[in-house]
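Just one chain follows, in the form predicted alone, and it is written as structure tokens.
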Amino acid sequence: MALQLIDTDVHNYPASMATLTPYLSRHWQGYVEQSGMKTPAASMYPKVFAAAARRDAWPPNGNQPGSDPDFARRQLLDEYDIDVAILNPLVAASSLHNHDLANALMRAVNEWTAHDWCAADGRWRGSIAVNSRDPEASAREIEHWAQDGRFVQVLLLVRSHAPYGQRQFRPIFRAAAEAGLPVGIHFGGGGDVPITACGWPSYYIEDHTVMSQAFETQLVSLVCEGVFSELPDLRVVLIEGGFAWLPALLWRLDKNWRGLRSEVPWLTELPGDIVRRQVRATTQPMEEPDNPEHLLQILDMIHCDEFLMFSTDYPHWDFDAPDRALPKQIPEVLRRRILADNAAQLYGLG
């Protein structure tokens, strides 16, 4: 039977460093204890909502939302009859300047996802967390977990110390392409890099709104630096970055390519055609115009029925419920593609 509902963005969070220490070597366990390291990630802004979570998403044990696999199963998978949900653990190992510790946490997060989540319910699928500051180690991590069919993509955070199209990151994308895994680029990251081209904003609402700037930067970099041209089988998923900005960006990039193509001779076709073939995006957050018909026009401008995949962003405050997320104006055939078919095709599910 065909899958009916696939959630492409669910967050599993370690309750504390104690959650990950069983998956660290004795050396790193001692290091974490001695240093007093309490959490594997920190936020640059108060999130207004505690842990940026739905107020009903706190497990009965009082731990971090997204830290209890059984509670998440009941509140998300069972409540909405979700067939498959893809886990994106937002543990920003790349923000650590101690690369050895970052790599140890990278492996620990993946072990924890495999043993505490994927083993708990067959509907969970994992994303391979990597350390973007050590692409060679990340490539080895991808090769290791690519053997485990429960992991269906590689995970990067969109705010990075340099655009991902640059050659220093190529081992990550090459390893993913060779393993047949998409690379998901998710909202967040970059505690040491401002989200805007003008510096640090003051408020969470600004940070949350202009994160799309980082997605635009990464997408243009991947196209113009030739990552997609070098790796034609590579697929990239833009997760939690919106998509209404895409048509105007591609129009501008296509126009500039016509005048500046001698600078990037490896681009032998319109950038927009490359993006439509090799890039996908998730639905949450969906920029919804006051007139729902305008949303259909945006989707039509993208020219790709395979582009969008449904996501809830559980357990965050801006969670999109599957039964309310898509406007009724979306045609039934496209609705089925968004809710399940596109993700099933991309991730090899079903």
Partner chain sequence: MRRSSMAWVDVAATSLADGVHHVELDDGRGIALLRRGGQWWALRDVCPHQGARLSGGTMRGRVAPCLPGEEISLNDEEPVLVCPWHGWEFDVVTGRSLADPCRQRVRSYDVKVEAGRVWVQA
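Numbering follows the first chain given and starts at 1. As the structure is a computational prediction, the values presented were derived from the model and not from experiment.
The next section is about a form of this same protein that is not shown, the form predicted in complex with the partner chain.
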query = Of the listed stretches (296-304, 46-54, 65-73, 29-37), which one has a non-hydrogen atom within 4.5 Å of the partner chain in the predicted complex?
reply = 46-54
request  = Although the partner chain is absent from this view, report whether residue 80 comes within 4.5 Å of it in the predicted complex, heavy atoms only.
outcome  = yes
task = Look at the candidate spot formed by 290, 320 and 324 and say whether the partner chain comes within 4.5 Å of a heavy atom in all three of them in the predicted complex.
result = yes
